[in-house]
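Next come structure tokens for two forms of one protein chain, structure 1 first, structure 2 second.
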Structure 1
């Protein structure tokens, strides 16, 4: 009996050593990726918070720790008004980009869900803008939207409408940037939704037809619920990407006119490389990081009860 007990203890010890070695191997496999994230993601975030407690000006060679002075500037000083204005512009832009991506993408996916060479070619044409550089696209759209010799105003004149200063008016500047955005993202949303539609079993639609459901009812009660994981994915990724919009604003409007397109990331860029106030740019970046993190977490929590993962 004692020999059996000793054998069992020895077997358990060997099993424990084997599990330890396997865990060590697993850790060694992920160690390079972990080191990469520590060096290029987490350390910069920590360093960003540290810089926020300094008075770092790029014009000066040295900086000192000033405590919460920059945070007071952001919440109680002149930075508060600019912060609220930039966040308002950023969330407005984000709302419309998400709407264009989700609504336009799902409608185009339903329209182009056909198997033919013609529809494949049209899908490629709609998806192609996604892979054109933003700077290149922005320059082309600046020519299209130019108030003096732009093709859009030329077309408006043909129909008897008055030309507009698309990029030089506070009322139309952000909408003009969104025109470029919609042109780039709607095809991407279409392809993501289309690939998800291909994964829905046709048995659901056949059963619905037998029960007398029409095309709209099948779309409303079968397609939309089963596309909810895809909608969540597109919503979260589009939200994060649109909140960080910079390049199209930088090329097309430069944050103007009169700060009407001064999104948060562009404001951070101006604080750091135009005003040379790296400390204030760090503070705004930290707050922006927290806003993105909280918004994404809230979205995932709220949508967890409304997403159907069975298809």
Structure 2
């Protein structure tokens, strides 16, 4: 009996040792990636929070801890108005980018879901802008939209319309940046939707046809619900990417005119490198990080109830 019990204990101990060896192996496998993330992602985030409590300007070697001074500036001081303005601009931009990506992408996908060389070539043309550097395309768009020498105003004049200061008016500057964005993202949305459409079993459509469903009904009641995981993926990735918009704004408008395109990341950049207030840039970054995290979590939570998986 005791031998038996001892044997069981020994087997359990061996199993435990085996499990811990396996866990150690697993850990060793992920350790390099984890170390990379700790050093280059999590440590900078922690540092950012710490810098927010100092008066460091990046250049000085010495700095003091100033408590919540920078946070007070952000919530109670002159920073508050600027924060709200930049968040309003950023959310507006994000709303439109998501709309263009999702609505434009799905419409184009429905339109280009054909198998022929011509359609394949057209799909490539639509997708290509995604792989042109933003700075390069932004410069080209600046010249297209230039109020004095741009081709857009030239065409408008041909039709008798008044030229507009596309990038130099606060009414049109953000929309002009969104034109570039739309040109870049709509093809990407189309490709993602197209690959998802190809994964939908044709049996659903055949069954619906037999039941007398027309093309619109098939799209509304089969395609759209089965594309919802793709829509969620596109929504979340586009949301995060567009909230962090910087390059197109930096090249095309520099946050202007009159801060009408001063998106949050551009504002953070200016605080750090133009105003030399990296302490303030740090608190804005921290808050923005929390906003992004909370918004993404909320989106995932709300969307998960409305996402339909084919299986």
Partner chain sequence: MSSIRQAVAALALAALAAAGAGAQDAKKYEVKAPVKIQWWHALEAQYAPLVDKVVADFEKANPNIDVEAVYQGAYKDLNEKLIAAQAAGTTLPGLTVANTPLVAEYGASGLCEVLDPYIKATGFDVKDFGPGLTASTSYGGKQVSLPFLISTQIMFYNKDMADAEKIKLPETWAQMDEFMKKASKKAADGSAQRYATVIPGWDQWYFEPFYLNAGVSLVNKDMETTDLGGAKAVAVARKLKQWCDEKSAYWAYGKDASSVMRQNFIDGKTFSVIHTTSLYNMYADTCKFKVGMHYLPGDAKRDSEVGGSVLLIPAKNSQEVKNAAWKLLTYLTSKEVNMYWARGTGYMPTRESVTKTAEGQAFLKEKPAFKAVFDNIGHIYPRIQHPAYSAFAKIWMQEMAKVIIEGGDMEAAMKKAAVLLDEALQD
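Numbering follows the first chain given and starts at 1. Between two forms, the rigid core is the largest collection of C-alphas that superpose within 1.5 Å. Quantities reported herein were computed from a predicted structural model and do not represent experimental measurements.
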Check: Where's the form predicted in complex with its partner chain, in 1 or in 2?
Finding: 2
Check: Has the Cα of residue 297 moved 2 Å or more between structure 1 and structure 2, judged after a core fit?
Finding: no
Next item on the list: Report, to one decimal in Å, how far the Cα of residue 16 moves between structure 1 and structure 2 once the rigid core is superposed.
Entry: 2.5
